[in-house]
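Shown next are two forms of a single protein chain, provided one at a time as structure tokens under the names structure 1 and structure 2.
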Structure 1
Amino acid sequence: MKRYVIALDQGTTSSRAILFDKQQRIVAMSQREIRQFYPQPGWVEQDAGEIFDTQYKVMMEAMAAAGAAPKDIAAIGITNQRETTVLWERDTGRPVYSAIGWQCRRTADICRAAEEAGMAPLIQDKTGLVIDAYFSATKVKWLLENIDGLKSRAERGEVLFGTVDSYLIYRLCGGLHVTDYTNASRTMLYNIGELEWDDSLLDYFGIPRAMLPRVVPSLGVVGQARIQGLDIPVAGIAGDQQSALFGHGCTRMGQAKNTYGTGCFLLMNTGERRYNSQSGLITTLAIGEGTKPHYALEGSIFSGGSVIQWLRDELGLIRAAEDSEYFAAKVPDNAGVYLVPAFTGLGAPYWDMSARGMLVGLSRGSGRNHIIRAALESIAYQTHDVLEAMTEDTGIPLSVLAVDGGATRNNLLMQFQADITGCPVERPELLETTALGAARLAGLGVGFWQPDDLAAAEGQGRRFIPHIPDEKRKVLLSGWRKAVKSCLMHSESDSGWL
């Protein structure tokens, strides 16, 4: 009798494994930190061997903690940090170089050259992405051009490329070279309209097709992982944000989620319809029904929960992140104080990398609590602006916003989010939404669960209903817009948003 599904959640800072039982309850979890290396300013690398080893260990530890043997596991689901690029030897599975992290900026020049060559419209049309060093394509190009002999080995099919999901599966399943739609859509090489690797982009970046994994649906058995002599099916794969979207049950058009971590990641499922954003959001693949992916619009906010870390570490206004709620609640409103946390520029929909933060609207009576409140509210205002861009792009009004991530523990922030967007915010009971998404994919993939089981098992979350009058919302938003405008006006570059 199979009792559990195991989710492998391979993130930027740690590898985690979580065991879920038939009722989708967490039975055991194990986590190990992984290292990041910064060999030069702006460069980020990881050790793919360490990624695999820690991931394997936490899987075994989680099973041991639950007293489970491989025969008790119905399926493995994998979710992973996206875009991070691994190249390895076909014969041995050994990485040929460090994994290049998604945050790594070493390929900024390659991106600039692609911009100057006028590639942006073509790339957006084919991949849904804006040209950026985040995505895997330029990382692969850099490796092929900078590591001796790699290009010819890759052409002979001796060296393979994959994102982290792909590398884990290669090692777990004895040389199976696959990735799923959601991860493929982050490479800047995958045609999201035709659902194929794009020859013209492979040509442009000089990447041999022989290196690329086969692309499979996110849900369904792709291979068998051999664990202690027994085969366990790998039956779910998804990039972390898409896995969270699925974990929230956002499988239909117009459903959206926001993850409030260090930064925020917003995704809206747009069903089978593909929208190209007019406001700098990207189009990506999400989990659909059956074997066909859905499209999603994605926007990210650079400074989310990190604003609260800033209050704590730089200003010393709070001692712990959760204190922010206590102090912010001591004042009835922001009293006109706004913080625009453009610490590292502003992303969608404003797009100004040289903008820097600003605190505006101070009066003689403004105090610490107002500043703390303004910092919390800034997370909600930025989220509002990305959601507004999504609604403008799609014409789909949002009916509810599903949320997860560390900062969603803050009730005041969640209530304010509902108030300022005028749309209910739904926080699930279980905040491990990313891992749950991968577990659900795998469990559905092997028939451990049926779709109805998932709906029935959703626990007691909390729903925040908007309760401020429209007039008040308008006044608050107009104050925020003025604050963003003044921030952009002081920046060195011209912003389209002004």
Structure 2
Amino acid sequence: MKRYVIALDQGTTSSRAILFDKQQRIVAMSQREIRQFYPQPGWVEQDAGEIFDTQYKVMMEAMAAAGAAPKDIAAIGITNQRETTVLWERDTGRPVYSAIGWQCRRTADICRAAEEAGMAPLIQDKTGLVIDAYFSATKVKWLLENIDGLKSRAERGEVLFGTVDSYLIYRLCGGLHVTDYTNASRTMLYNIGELEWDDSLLDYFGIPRAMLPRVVPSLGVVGQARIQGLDIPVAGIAGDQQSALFGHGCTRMGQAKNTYGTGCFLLMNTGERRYNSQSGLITTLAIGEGTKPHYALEGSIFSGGSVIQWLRDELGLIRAAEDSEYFAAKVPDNAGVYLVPAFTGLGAPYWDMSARGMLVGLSRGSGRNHIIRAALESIAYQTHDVLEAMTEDTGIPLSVLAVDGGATRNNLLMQFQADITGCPVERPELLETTALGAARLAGLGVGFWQPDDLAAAEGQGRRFIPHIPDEKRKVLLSGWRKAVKSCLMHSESDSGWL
């Protein structure tokens, strides 16, 4: 009798593996950090080999911690950091260059050229995306143009492209080259209306079709991972944010969640209806109740939990991430101090690749705790801006915001999130929603669970209710908007910034 489903959760800063039992409870977990490299300002790279090695090791460690053998595992689900781009040799599986991270801005000039060529309307119509260095297409183009001989090798089918899910599956399943709808929709190469790779975009970016993976549903067996001589089906694949949406049970129109990870990602399931945003959001593919994908609106915030890491690692204002709540609570408010954390540009709804971070409103009385509080509040302000844009696009007022991710453990941040949006915030008891989504997909894919089983809740968690008056909310938002406006104005000025 199979006893567990294992979720491989490959994130920006760590690789994790989590075993879930029949009751969807966590039985064991293992995690290893992975490195990021910054060879030039605005560039972000990772070692794809390290990504796979750490992911495989934590899978084996989690199984060992649970006393489980491969015969005990019903299925593997994979969820991953999206947009990060890997090119590797078909024959060996060896990466031909570092993985280019989703935060990397090296392709900003390629994006500007595409905008100047009038490609923006076509790209939005076909892919649902805006032109930005965030997405995979320009990363692939950069690699093909800057690595000697790579373009011709790719044309001969010797070099393959994939997001992180593709690379993991290729290595686990003996050369199987696939991705799922959710990850394909993040490449800026996939037609989300026709559900196929788009030849006109491949031609424009100069990307050979031979490089591309086959696109499969997020739910269902796609291959067999050979683990210690036994085959375990890989039966669930989803980009991390769509996986979290599914893990929250947001499979119907109008349901939304926000994940607080390195960045923040707010998604609203819009069912079979596709909304083309007029407010700076993107349209992407999500998971519905069957194998056919749904549409979703998404707001991508580049600096979320990374703001807290910045306080710790670069400024030295806190020793551990959890200290941020303690010090921020020592002051009653931000005293007019605002941080706009545009460390790698501003994402939705502004989409300014050239923006850089700004701290405003400092006075002689401003201190360490005000800066820490401003940093925490910046995460909530950015989320408010995305929610506001989402409501404008859909006309659907949000009744509750489901949340997950490490930063949701910060009660001050969650309460301020509810206060500044005027919307209740629900934090589940089980915060590993991204991994749970991948596990549920895999479990459903092999019949380990049935759809009715997913209704079994882990508990109600905690609900944060807004409690500040509307007038105070308006004052706080006015200060934030002025700070963002100042940041955008500096981005447009001839300041020598990127």
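Heads up, when I say rigid core I mean the largest set of C-alphas that superpose within 1.5 Å between the two forms. Sequence positions of structure 1, starting at 1, serve as the residue numbers. Remember, predicted model here, so these are calculated numbers, not experimental data.
Of the two forms shown, structure 1 is the one predicted in complex with adenosine-5'-diphosphate (ADP), while structure 2 is not. With the core superposed, residue 25 shows a C-alpha displacement below 2 Å between structures 1 and 2.
Core-superposed comparison between structures 1 and 2: CA of residue 83 displaced by less than 2 Å. Core-superposed comparison between structures 1 and 2: the CA of residue 70 stays below a 2 Å shift. Relative to the superposed rigid core, residue 420 shifts its CA by 5.6 Å between structures 1 and 2.
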